[in-house]
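What follows is one chain in structure tokens, specifically the form predicted alone.
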């Protein structure tokens, strides 16, 4: 079968023939997204350590088993074994999540665990309730696009987005944000003024995959008792979030990671995401790319040169 292979950490993968996998349930892969975790693991510099090579990357995918359409996770790049970027993947039955037949496999794969993070950070950790005002940082990325749409679906009265590049700001608007703040400065006080102008009064919840200056700015527009849920640090591992802002408003700062999820909670969230995709409630920017073009697509995704999440189709 044809498969993508990472042969050397830090080098682009290749496409080659290899023997089909054995053991577990064999899933015929329909869609395999190239995610930030795939790119990180393949560098050999992640906290999982250098992967054993060669291996097939792909930490999640969508495929078919006996007429069922399923989503599945893998530990490719984090532990020995192969992932989803191949014609066939071997997956334990317990890890398979049945999807609605009407959901586009590529669209579900593009949203995938990023949308799960957005959904659960908003609802489970962030305790979003109908009628609240939400600020979504990094709203041009997959997590952010999903968060804007899922917050709206959950009944948020207003969603204010923050995004860095012009293209990211446009994706945030396309996702349905009521207002978009340009995150083109590290001056958190200036950014806080922009958020204050974009918000209709104090915000209730901030979803933050960035940290750094944007998180400190967004925290300043939260109401007393407001919540900030952090699930990433692409703008910085530290933030100028000051004690007086936290104390004077009795804010709650909460962490979120998909790694904390039980298989049951993760599976339920994937089904929620897939249902939202099927109903047209959720759509994130993505590209379909044939598996044969994986090496070039991989480099383009790593360089930020794609129009969204690249999904490989074997």
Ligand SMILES: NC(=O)c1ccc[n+]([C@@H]2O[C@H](COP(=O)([O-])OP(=O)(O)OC[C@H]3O[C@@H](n4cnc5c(N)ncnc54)[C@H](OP(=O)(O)O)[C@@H]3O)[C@@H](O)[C@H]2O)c1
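Only a predicted model underlies this, so the values are computations on that prediction, with no experimental measurement involved. Positions refer to the first chain, counted from 1.
One more form of this protein should be noted, the form predicted together with this ligand, which is absent from this view; the next part is about it.
Residues placing heavy atoms within 4.5 Å of this ligand in the predicted complex fall in a single listed stretch, namely 137 to 145, out of 93 to 101, 137 to 145, 238 to 246, 67 to 75. Contact annotation: residue 53 falls outside 4.5 Å of this ligand in the predicted complex, judged by heavy atom distances. Of the heavy atoms in residue 84, none are within 4.5 Å of this ligand in the predicted complex. At a distance threshold of 4.5 angstroms between non-hydrogen atoms, residue 165 is in contact with this ligand in the predicted complex.
In the predicted complex, at least one heavy atom of residue 232 sits within 4.5 Å of a heavy atom of this ligand.
For the residues 151, 175, 215, 183, the 4.5 Å heavy atom test against this ligand in the predicted complex is passed only by 183. Note on the partner interface in the predicted complex: the residue among 117, 107, 128, 222 having a heavy atom within 4.5 angstroms of this ligand is 117. Contact annotation for 189 to 225: residues with any non-hydrogen atom within 4.5 angstroms of this ligand in the predicted complex are 209, 210, listed in sequence order.
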